[in-house]
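Shown next as structure tokens: one chain only, the form predicted on its own.
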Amino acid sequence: MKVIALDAHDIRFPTSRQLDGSDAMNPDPDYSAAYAVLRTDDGAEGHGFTFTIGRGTEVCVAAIEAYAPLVVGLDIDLSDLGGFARRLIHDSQLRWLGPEKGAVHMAAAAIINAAFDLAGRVAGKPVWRLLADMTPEQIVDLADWRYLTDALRPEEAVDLLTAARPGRDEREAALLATGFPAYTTTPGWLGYTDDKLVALAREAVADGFTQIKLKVGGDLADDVRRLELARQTVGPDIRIAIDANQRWDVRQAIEWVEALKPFDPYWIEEPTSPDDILGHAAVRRSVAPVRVATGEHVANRVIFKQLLQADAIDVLQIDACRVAGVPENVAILLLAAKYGVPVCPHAGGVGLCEVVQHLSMFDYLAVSGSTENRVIEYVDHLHEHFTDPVRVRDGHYLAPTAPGMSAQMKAESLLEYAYPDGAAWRS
């Protein structure tokens, strides 16, 4: 199968108009995607993207296009997608722009995830099943083990995966019957009024969610008021996570979380810079029993490795599109399993719910073997633009059954929301 084209699209949705997605660090995001399509000589396609929030999407689109010489004309081996990923990530000249971080790494994620979408379509399987059906050795071969072996060796990972195989059939039956647990951020955007927060929190509980999340970090008095309203609305048994989106210095994070402890926050997410491993560790020691979660802005598997080695986090949050796609996320899931830290993915963005569900379901079936204290974020935005939109019932993600990674946008959405010439922007 030969790749004959790599198309890149700048797709933006004007979510800033309703303040959907607003938080203390990002007050007016326009949920966007640098969207990639791999086309092959036999008519098959693979779709992928990396999530952005407006300005700068054109940078990621340019980076996708910069990878075209490495991809177009390639006879792609769908049985060696780890090798395909390493071909992109190890290109010395493009790697220089990171290395393994930033726009060039996010662009690689879009292309690599498109390759997995292609593989799923060719195999007739959703990607969660495509991954879970692999042998332990095949799963381990997906990962790039450079820089990881001081924390986890490939042979250890094979043993870990082999130990997780018993009970796989029962877990898959449970997944297909009930789905994977979810939590919702929909009530918690910082730009929402108190009335809207209360109404959406009440609706979330009625819809079966056992955890919600509120954005914090703009103004302490506002956060106290909003958390008190949320706790009064949902009662004592619903978990409320809080998310500062990197707004604070370490000392400020500790003081702010202490002020919010009367409302029993379950975790504090991104309390400080995502690169500050020691800062996260200091926050974790100081704010317990409030858990510390981070990961959506962590650039690569090496930072995740250090967060785990330093006992800096209680909850690891992968992002399907920031690190280099499926293979690097597989490595991160294996590291999390080695260190016994639950994975609760980030999905606050266009299409992230659709794609990251595949990784959590694979983790449950083949890696961790558990859903205890594991939830996938859910936001009720923009699913109507996808050909295989996420389905949530009774606070659970239902397992997708269509082949691929659920990443394909509808053709009419690609036209309407193309930036700057689509109808949504011309108007």
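For every residue, the number given is its place in the sequence shown, counted from 1. Everything numeric here is computed off the predicted structure, so don't read it as measured data.
One more form of this protein, predicted in complex with a further copy of the same chain, exists but is not displayed; see below.
Which of these stretches, 170-178, 112-120, 183-191, 303-311, has heavy atoms within 4.5 Å of a further copy of the same chain in the predicted bound form?
That would be stretch 303-311.
Looking at K261, R165, K196, R251, which has any heavy atom no more than 4.5 Å from a further copy of the same chain in the predicted bound form?
It is R251 that has a heavy atom within 4.5 Å of the partner.
Using heavy atoms only and a 4.5 Å cut-off, determine which of S273, Q232, S79, S286 is in contact with a further copy of the same chain in the predicted bound form.
That would be S273.
Check for me whether a further copy of the same chain, as it appears in the predicted bound form, comes within 4.5 angstroms of all of S92, R95 and H297 - heavy atoms only.
Per the other structure, all of S92, R95 and H297 touch a further copy of the same chain.
So in the predicted bound form, is a further copy of the same chain close enough to Q211 to count as touching (4.5 Å, heavy atoms)?
No, Q211 sits far enough from a further copy of the same chain in the predicted bound form that none of its heavy atoms falls within 4.5 Å.
I'd like to check something about L278: if you look in the predicted bound form, is any of its heavy atoms closer than or equal to 4.5 Å to a heavy atom of a further copy of the same chain?
L278 belongs to the contact set for a further copy of the same chain.
a further copy of the same chain contact in the predicted bound form: I53, any heavy atom under 4.5 Å:
Yes.
So in the predicted bound form, is a further copy of the same chain close enough to P389 to count as touching (4.5 Å, heavy atoms)?
Residue-level check for P389: no, no contact with a further copy of the same chain.
Counting only heavy atoms, which residues in 12-46 are within 4.5 Å of a further copy of the same chain in the predicted bound form?
Result: M25, N26, P27, D28, P29, D30.
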